[in-house]
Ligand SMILES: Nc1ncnc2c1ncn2[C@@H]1O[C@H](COP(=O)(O)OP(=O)(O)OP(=O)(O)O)[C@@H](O)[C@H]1O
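Encoded as structure tokens, the following chain is the form predicted on its own, with no partner shown.
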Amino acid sequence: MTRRIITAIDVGTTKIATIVANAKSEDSIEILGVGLAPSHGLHKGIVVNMENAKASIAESVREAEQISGTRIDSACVGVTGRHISSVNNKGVVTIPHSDRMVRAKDLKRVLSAARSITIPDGKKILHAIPRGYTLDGLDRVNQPVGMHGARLDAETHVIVASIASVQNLAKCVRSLGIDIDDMVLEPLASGEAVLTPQERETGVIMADIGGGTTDIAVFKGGSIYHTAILPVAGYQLTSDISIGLGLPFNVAEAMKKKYGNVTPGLDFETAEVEMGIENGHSGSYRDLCTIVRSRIEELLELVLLEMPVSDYASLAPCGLVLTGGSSNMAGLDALGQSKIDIPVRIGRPLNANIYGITDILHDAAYATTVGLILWQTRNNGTSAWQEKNRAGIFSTFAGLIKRIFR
């Protein structure tokens, strides 16, 4: 069986996670190594200190290499941050051939038209993902090449990112002698790991609550429909606990993870009054849960405000899937269910086709990292980054020289 080594680097605000995998096929992926390191030099998903960020990435990569016994030469890297914006855009072309058969060059023309949007200064297209085609009024056409018609329409989901933010992240990775195979918007990757084909087809909202950002993606009709990034997530929650309970930030983070509970109807009167943690710090369990619940309720409201329509039940019959490290809090799905009128569940990467060193990866905190591996096996060659940066002779030679000197 063919051995294809692929690597994913999830550069988050609180952690850097690197996975090395052997992608034997889309249905058979062996995890060879996982590297984890605390994240420094990033704020809300954006690099703010190049040296610190580079050191954190290097630590994660080094651990993944040691465990897998594999040198990492290239990787797929996740991108997030408030600088991300998106829009659905349509393009249309006529089929000029006498036989009216759609050819590959016609498909290329209509996709080019569908991604032609006005891009603000300092921005670039990160993804232009086809949502579907219409041929002479017949919609839901998946592959129009070879079919006959006079007019071909295409709809794409165009995702735009800050050039500077993307370049700074790419520079951190490349400075380690690692080429970039692809740069992928993180909620797209998370969706690969935690959503079912039925949810993506029927309609679902996914919110990945990370450390610095909450990444939102709506899938409908089997494809991405809407994306958004909220600059509010686990870091702000911990900060509020720290201020509200008068605790150091690291102690507040530990208490949040150990004691945080947002279950509706939780009886605080019968719950333990004080909770203790290292260094003699303690706090009120009631106060902790009150702060956490209030902030989570606000976050759920912000997620819904980012929706393109107000009829959530029609937009997403399959409901809301919460993932990311902050979704591990006890009672989060029940609280979500009590606050919004659509189903809510916690999304964890549990793909039966992934095996090997996977114990830690069943945690919702690793949805993006696992999703980046899956993205490479399912969507190879579809991103704007790959189209622009696909290696030519010079770039291949330059990458070889970097790896030699590494």
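Everything quoted here is computed from the prediction, not taken from an experiment. Residue numbers run from 1 along the displayed sequence.
Below: the form predicted together with the ligand, not depicted.
Here is the short version: of T290, S162, S74, N328, the single residue with a heavy atom within 4.5 Å of the ligand in the model of the complex is N328. Checked against the ligand in the model of the complex, the residues G191, G336, G234, G78 give one hit for a heavy atom within 4.5 Å, which is G234. When the ligand is considered in the model of the complex, P187 lies well away from it, no heavy atom lying within 4.5 Å. Interface residue remark: D240 is not counted as part of the site for the ligand in the model of the complex, having no heavy atom within 4.5 Å. Put simply, K257 is close to the ligand in the model of the complex: some heavy atom of it is within 4.5 Å.
Within 4.5 Å of some heavy atom of the ligand in the model of the complex lies at least one heavy atom of T213. With the partner omitted here, the stretch from 130-138, 317-325, 106-114, 297-305 that lies within 4.5 Å of the ligand by heavy atoms in the model of the complex is 317-325.
Residue G45 is the only one in 19-54 with at least one heavy atom within 4.5 Å of the ligand in the model of the complex.
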